[in-house]
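Listed next as structure tokens is one chain, alone, in the form predicted on its own.
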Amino acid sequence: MPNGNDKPKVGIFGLTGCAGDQLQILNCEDELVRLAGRMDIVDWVMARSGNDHTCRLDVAFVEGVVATERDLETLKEIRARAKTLVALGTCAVWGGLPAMHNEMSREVLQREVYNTHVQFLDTVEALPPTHFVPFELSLPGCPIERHEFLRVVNSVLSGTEPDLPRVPVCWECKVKENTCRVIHAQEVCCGAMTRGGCGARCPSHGVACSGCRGPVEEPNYDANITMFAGRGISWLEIARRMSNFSAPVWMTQGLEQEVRRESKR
């Protein structure tokens, strides 16, 4: 970070996505005003005009996926400008919903959406930005949690490592003494393998976890497969549910063979 009275220059960017993570930043309201006193947001198309699209950045936040050639060019430009690059949201970290159907060809998807051939598309297989360039920090969430974003910003500005949850959603459920959706409702709940930090929001409202925050750092797959199987839930059901939000990494963690093996039974 800059020394003296110079405030660090910050950019916030969106690739292909819903812009929900940027909206969450705007929802920080009073906290964002206070942060603005500590940093200079010089490039944020969603929230301001008169942006500087070429200056060097101390910190850059990127949300969305690389789904077009233009996305990839933009991402590389941001990486070249930024000292610290932060992946913002599940799309940027794991691929999110845009990467859910990568097994389908671009031609098939185009036909399903437009029912004809179009010339203006430059689409590529949807993948998270973390697949293409190195990132210093990652903050998943669909959308991100505001308190976690503020924690990351404060840590980056202070030059420290942010203290983010490493426990699964299941742990948060137990702390809240929620009724387990798997044990008591026989539902396909991904809380045992999903990164916590949301306060088990969905299970707390009687809805099974869908895995929107991506996989926890050290999931115990064998134990979870056994636990689900003992309750009549196949591994394939869990894999399909988890891949809704983290298909690229889910299929590269050696789980594709498990899915295929289960599907042949």
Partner chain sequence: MQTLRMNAGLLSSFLEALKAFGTLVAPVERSPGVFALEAIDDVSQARPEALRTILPFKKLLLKPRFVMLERRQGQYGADGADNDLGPVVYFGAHSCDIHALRILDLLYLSDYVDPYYKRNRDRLTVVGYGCMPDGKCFCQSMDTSTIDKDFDMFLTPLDGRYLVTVNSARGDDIVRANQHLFQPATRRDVQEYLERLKEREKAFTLSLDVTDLPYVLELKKDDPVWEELGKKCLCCGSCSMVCPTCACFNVRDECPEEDSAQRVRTWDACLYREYALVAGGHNFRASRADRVKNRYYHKQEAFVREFGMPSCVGCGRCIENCPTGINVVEVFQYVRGEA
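All values reported here derive from a predicted model rather than from experimental measurement. Numbering follows the first chain given and starts at 1.
Keep in mind that the form predicted together with the partner chain is not shown, yet the notes after this line are about it.
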Legend entry - Proximity of residue 224 to the partner chain in the predicted complex, heavy atoms at 4.5 Å: yes
Inset, instruction - Would you please decide whether residue 178 lies within 4.5 angstroms of the partner chain in the predicted complex, comparing each non-hydrogen atom pair? - result: yes
Inset, instruction - Check whether residue 197 has any heavy atom within 4.5 Å of a heavy atom of the partner chain in the predicted complex, and answer yes or no. - result: no
Legend entry - Contact of residue 103 with the partner chain in the predicted complex (heavy atom, 4.5 Å): no
Inset, instruction - Work out which of 133, 192, 78, 137 lies within 4.5 Å of the partner chain in the predicted complex, going by heavy atoms. - result: 192
Inset, instruction - Counting non-hydrogen atoms within 4.5 angstroms of the partner chain in the predicted complex, say which of 127, 188, 72, 150 makes the cut. - result: 150
Legend entry - Sequence-ordered residues of 188 to 219 touching the partner chain in the predicted complex, heavy atom within 4.5 Å: 192, 217, 218, 219
